[in-house]
Ligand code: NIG
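One chain follows as structure tokens, the form predicted on its own.
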Amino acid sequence: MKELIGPFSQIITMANLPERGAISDNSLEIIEDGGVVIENGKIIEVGDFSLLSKNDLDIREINYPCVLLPGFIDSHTHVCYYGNRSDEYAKRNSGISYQQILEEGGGIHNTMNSTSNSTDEQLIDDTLNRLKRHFQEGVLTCEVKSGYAPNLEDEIRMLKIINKIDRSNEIDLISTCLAAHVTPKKYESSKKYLDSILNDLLPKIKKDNLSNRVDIFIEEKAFSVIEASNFLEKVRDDFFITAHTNQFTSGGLKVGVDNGAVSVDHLEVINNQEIDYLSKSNTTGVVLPGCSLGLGIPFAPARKLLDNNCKVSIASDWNPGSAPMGDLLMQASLLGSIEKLSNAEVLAGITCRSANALSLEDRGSLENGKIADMIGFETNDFRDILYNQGKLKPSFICKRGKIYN
């Protein structure tokens, strides 16, 4: 049965926006007093509520001021983990760097150990709790990385758990294999570890359909530019590629772009030549304001990236070490304030442009044929959403046509 939902004070469709570059708020399609017709979890029609046919439709009335947007898409997270690193947060605020903590055996290694030592039930419960909060805050699609495993067996375990959770929670999960996060302590060299990923892990992941995406952390304390380049050349024909690049040092971006990465993520440290290189590619730059807030480092230069015609998505990077907050809307709002981004640029960065960063064509905007992933905010003016810097949360959530109030 078809269902008509509305009227909404405003529907911000996020349709027909450019995939790259700057966007003014005047470019937004805004339908006043609008309605949405859905059927079988998909959008059939969007338009003026009073003009949409009411024949043979169930009507769900919205009786309060409400602005409707596409569901948010978080294109970079590490929410599948167990444990806590508040002690390291305190150390960093006392002047000890993230890189030093990692070099001394802490950081990612700590979460690897905690996650490996957790039971499946503990890991599932903690991950589900994070995803439940994300859902309530409007995130209806979420990328989730592995990468907190001290061995290949636990990598497979993590990916199986992510896939299991995908089938049992409201949010659609996009799994990514980040076995190449850092080299576990049991391996004598990073080369041998990467070889084992290529020869022993990825064939099983492909065979069991655990993920179609592979990530690598390109950084001095993780994997070098040369190591990452050799690795990705052997992966790119079988998987979508994404890469952690330019978080503390430059150089990794070119490796990602040259290997056809769908996205290069972080970009806190990036020079003009790299921005130009990214702008001439089809690769999306995913900026992670949560990491900058968690580590106390500069934000990625989102304004400059957009002004140079790059593709830009905004993601939370939710993880226990560098980005523990996990509030996508708050982080995106703060990034917009600091980097002077238009409302359209921020909202596109967490909807349609994030869909592009994940190679998803069926969501990210409110259009005929798209999945009925929609969120509503109790206000008459869409500008109030970012004005409240993340404190105005959705009062209406519709996931694949199912409404949660």
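Don't overthink the numbering: it's just position in the shown sequence, from 1. What you are looking at is a predicted structure, and each value in this text was computed from that prediction instead of being measured.
Unshown form predicted together with N-(iminomethyl)-L-glutamic acid (NIG); subsequent notes refer to it.
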Worksheet item: With the partner left out of view, is residue 331 within 4.5 angstroms of N-(iminomethyl)-L-glutamic acid (NIG) in the model of the complex by any non-hydrogen atom?
Response: no
Worksheet item: For residue 135, is any heavy atom within 4.5 Å of N-(iminomethyl)-L-glutamic acid (NIG) in the model of the complex, or not?
Response: no
Discussion item. If we define contact as a non-hydrogen atom of the residue within 4.5 angstroms of the partner, is residue 319 a contact of N-(iminomethyl)-L-glutamic acid (NIG) in the model of the complex?
Written reply: yes
Worksheet item: Is residue 254 a contact residue for N-(iminomethyl)-L-glutamic acid (NIG) in the model of the complex, using a 4.5 Å heavy atom cut-off?
Response: no
Worksheet item: Considering 72, 231, 223, 148, which brings a non-hydrogen atom within 4.5 Å of N-(iminomethyl)-L-glutamic acid (NIG) in the model of the complex?
Response: 148
Worksheet item: Between the options 79, 310, 108, 300, which residue brings a heavy atom to within 4.5 Å of N-(iminomethyl)-L-glutamic acid (NIG) in the model of the complex?
Response: 108
Response to the item:
Exactly one listed stretch (120 to 128, 243 to 251, 191 to 199, 159 to 167) reaches within 4.5 angstroms of N-(iminomethyl)-L-glutamic acid (NIG) in the model of the complex by non-hydrogen atoms, and it is 243 to 251
Discussion item. For the stretch 158 to 191, I need every residue with any heavy atom inside 4.5 Å of N-(iminomethyl)-L-glutamic acid (NIG) in the model of the complex, listed N to C.
Written reply: 181
